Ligand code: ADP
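Shown next as C-alpha cells: one chain only, the form predicted alone.
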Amino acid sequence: MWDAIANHIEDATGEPFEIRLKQPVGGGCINDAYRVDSRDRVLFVKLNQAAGLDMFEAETDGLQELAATQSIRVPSPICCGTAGGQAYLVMEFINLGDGGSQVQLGKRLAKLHAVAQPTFGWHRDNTIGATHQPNPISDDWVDFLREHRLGFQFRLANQNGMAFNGSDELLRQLDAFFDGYQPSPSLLQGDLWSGNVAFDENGDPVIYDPATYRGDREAEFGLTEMFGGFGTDFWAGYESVLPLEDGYGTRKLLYRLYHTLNHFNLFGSGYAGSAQSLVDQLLRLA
C-alpha cells in the first residue's frame, strides 16, 4: 500500500518520493493519520476503508475551494486514491506552533465568509463527521435548512429509534427565525470546532478537516459554540470585519441543534436530552 501511495505522490508532484519514516499522528476519531517523511519532504496521510474514498475526494474539493478564497490557510491536498483495500488522502504537512492570535482567526474567517457565492448548497454531497451531508443547489436557505440539514438529521434520528417531540412543528416554523434577516451564501468550513483549528509556526491560523458547503455564515458557528475554544478575541476579530446580524443569538440555536442531532446520530443517546432541550427552547422562541 505504501509503495502505491509513494508512486501516486510522485505522479501528482512530478518529484521523487521515497518513504523513509512513517509516524502515526493522533487526534482523529474517523481516520488513521500519519506523518510521512522522505529525504527532503514531509507529508500528511489519512487512511480509511476503501469505501471512504468519496469522503476523501470531497475533502480534497473542499480544501481546494477554501484555499482559492485566499482568506485563511488550509493544508494543500496532493492526491487521494485507494491501495491495499484502503482509501488514502495525502496533503501538505503543516508545522504547528504553540499559539496565535484569536483576533486574526476571527478576521480570517470573516474574510472567508465575505467572499460572495452564487447559491446555497455545493457541487457535491460530503460528510459531517461520518454522517452523509446532502448539498443540493438551492436559492432558498430556509428550505435548504429545513430539508437538507435539520429535516435530514431528524429523519436519520427516527431511523435510529428516536423521535424528538415537536420536531415537525419546529420545521414548519423555521421561517419565523429569519424574519428581517436574509442570509447570503458563504463558503463554510462546515465542521468548525477547536479540534479543527490551529496556528502554524508563524502564528497564522489554519483550518482543516472541512465539511465544506455554501450556507448562511451563521451556520459556521453551530459547532463552534458547542465545545468552546473561541474566546472574546475571536468574536471581536470576526465582527470587526463582518458584524453579526440582529437575531443571531436565537438563530445560532438552530445551527447548534443540527450538530447536536448529528452527534446523537453518530454517538448515541447521550446527546438526546440536549437535542430535545434545544427543540423545546426554539419552539418557545418561535
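This one's a predicted model, so the numbers in the text were calculated from it and none came from an experiment. Position 1 is the first residue in the sequence shown; the rest follow in order.
What follows is about the form predicted in complex with the ligand, which we do not show.
- The closest heavy atom approach of S101 to the ligand in the predicted complex falls outside 4.5 Å.
- Using a 4.5 angstroms threshold between heavy atoms, A236 stays clear of the ligand in the predicted complex.
- Of the heavy atoms in L53, none are within 4.5 Å of the ligand in the predicted complex.
- In the predicted complex, the ligand sits within 4.5 Å of a heavy atom of N196.
- Scanning L96, A116, A176, I137 against the ligand in the predicted complex with a 4.5 Å heavy atom cut-off leaves one residue, L96.
- Think of it this way: in the predicted complex, the ligand has a heavy atom of just one of P205, P75, G106, G121 within 4.5 Å, and the residue is P75.
- Contact with the ligand in the predicted complex, defined as a heavy atom within 4.5 Å, is made by all three of F44, M91 and D209.
- The chain is drawn here without the ligand; in the predicted complex, the stretch among 139-147, 212-220, 168-176, 188-196 whose residues come within 4.5 Å of it by any heavy atom is 188-196.
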